[in-house]
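As structure tokens, one chain now follows by itself in the form predicted on its own.
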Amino acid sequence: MSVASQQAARLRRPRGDSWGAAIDRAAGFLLSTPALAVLVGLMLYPLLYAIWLSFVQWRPAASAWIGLANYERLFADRIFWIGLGNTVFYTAWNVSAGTTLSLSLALLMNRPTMAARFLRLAIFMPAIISAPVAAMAWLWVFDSDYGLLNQTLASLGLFETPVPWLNSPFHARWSIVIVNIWLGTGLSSILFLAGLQDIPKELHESAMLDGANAWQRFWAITFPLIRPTLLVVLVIKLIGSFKTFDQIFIMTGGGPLYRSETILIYLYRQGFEYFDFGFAAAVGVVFFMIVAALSLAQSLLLGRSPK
């Protein structure tokens, strides 16, 4: 084959490859169209309907257009800001304390011992228990009169009078923090454990030969290499904390004095107790915007994480 023929063949090959790739992409889109149509129908229609509903005064037969009145009422409602503040409070503690505890437990579980294997099972157990079931169990633990926690503290002589864990505005908030951290520790600990086990052991062995202690090895080797896992855990905890509903609804119902009220509890109350669906839709739209912002932050953080 002459040089000119070889060059012509090389020029023709990309066009054929591009046509083949285009056909493959078109076939992929065509085959996935039914599933995408169902997915869009199940997600887009409810979203658009909720947005429309947030601009009306809902009535069973004739809803009246009221524009931004629901949003003006929402941002002027003191209870909404209390719920948002409580949501941020729970999120801050779940992200900070929960992540620290999860990483500490993962370091303990990352050992080739039988105790570490048993610890993995015990730590992951809350992740496979549904939140309502866990909330009912914690109701018994935090019961003021017969709860396990108060009985244990009384037997140790630490308190003479029972602590109102779920009946006091101060204690109720911290009780929810404890339950949230307990529920979210299992999954995040296993994620950290997977990241730790992906680190080559040769790196730690070489650092030990160079005289590095455990603390130096953690900051120089472990922490940089688990940074992508850390970002995933942080975002999962951030979004999950904003969506906390079951355990708070069962344990305190948002009380006492709205001290454990969250955005979702507030939304539920407006929609299914007061049947003000237009106003509840406005709450849902605002909540959707918050979660969408968190999801965008997730994409940006993961996109900037080292490979």
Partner chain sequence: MNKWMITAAALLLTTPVMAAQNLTVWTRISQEGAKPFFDEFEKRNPDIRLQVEYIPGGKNHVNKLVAAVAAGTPPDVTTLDVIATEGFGRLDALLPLDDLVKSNPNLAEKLFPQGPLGTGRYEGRLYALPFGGDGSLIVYNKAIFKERGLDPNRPPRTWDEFTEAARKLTFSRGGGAKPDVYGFYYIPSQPSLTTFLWLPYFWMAGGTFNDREKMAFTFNSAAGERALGYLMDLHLKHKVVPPSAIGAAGTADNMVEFLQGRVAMAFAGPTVIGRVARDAPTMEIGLMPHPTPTADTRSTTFSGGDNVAIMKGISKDKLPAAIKLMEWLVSVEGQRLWQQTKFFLPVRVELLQDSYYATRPLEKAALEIFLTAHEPPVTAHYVEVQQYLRDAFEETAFGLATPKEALAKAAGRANELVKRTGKP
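Numbering follows the first chain given and starts at 1. C-alpha atoms forming the largest set that superposes within 1.5 Å between two forms make up the rigid core. Please read these numbers as outputs of a predicted model, since none were measured by experiment.
The protein also exists as the form predicted together with its partner chain; that form is not presented, and the subsequent description refers to it.
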Proximity to its partner chain in the model of the complex, single hit among 173, 120, 204, 73 (heavy atom within 4.5 Å): 73
The unique member of 56, 51, 238, 250 whose heavy atoms fall within 4.5 Å of its partner chain in the model of the complex: 250
In the model of the complex, residue 144 touching its partner chain (heavy atom, 4.5 Å): yes
Partner proximity in the model of the complex: residue 269 to its partner chain, non-hydrogen atom cutoff 4.5 Å: yes
Contact flag, residue 110 vs its partner chain in the model of the complex, heavy atom cut 4.5 Å: no
Residue 128: touches its partner chain in the model of the complex, heavy atom cutoff 4.5 angstroms: no
Option from 180-188, 225-233, 144-152, 93-101 whose residues, in the model of the complex, bring a heavy atom within 4.5 Å of its partner chain: 144-152
Within 4.5 Å of its partner chain in the model of the complex: residues from 113-130 (heavy atom criterion): none
Rigid-core frame, C-alpha of residue 257, shift of 2 angstroms or more between the shown form and the other one: no
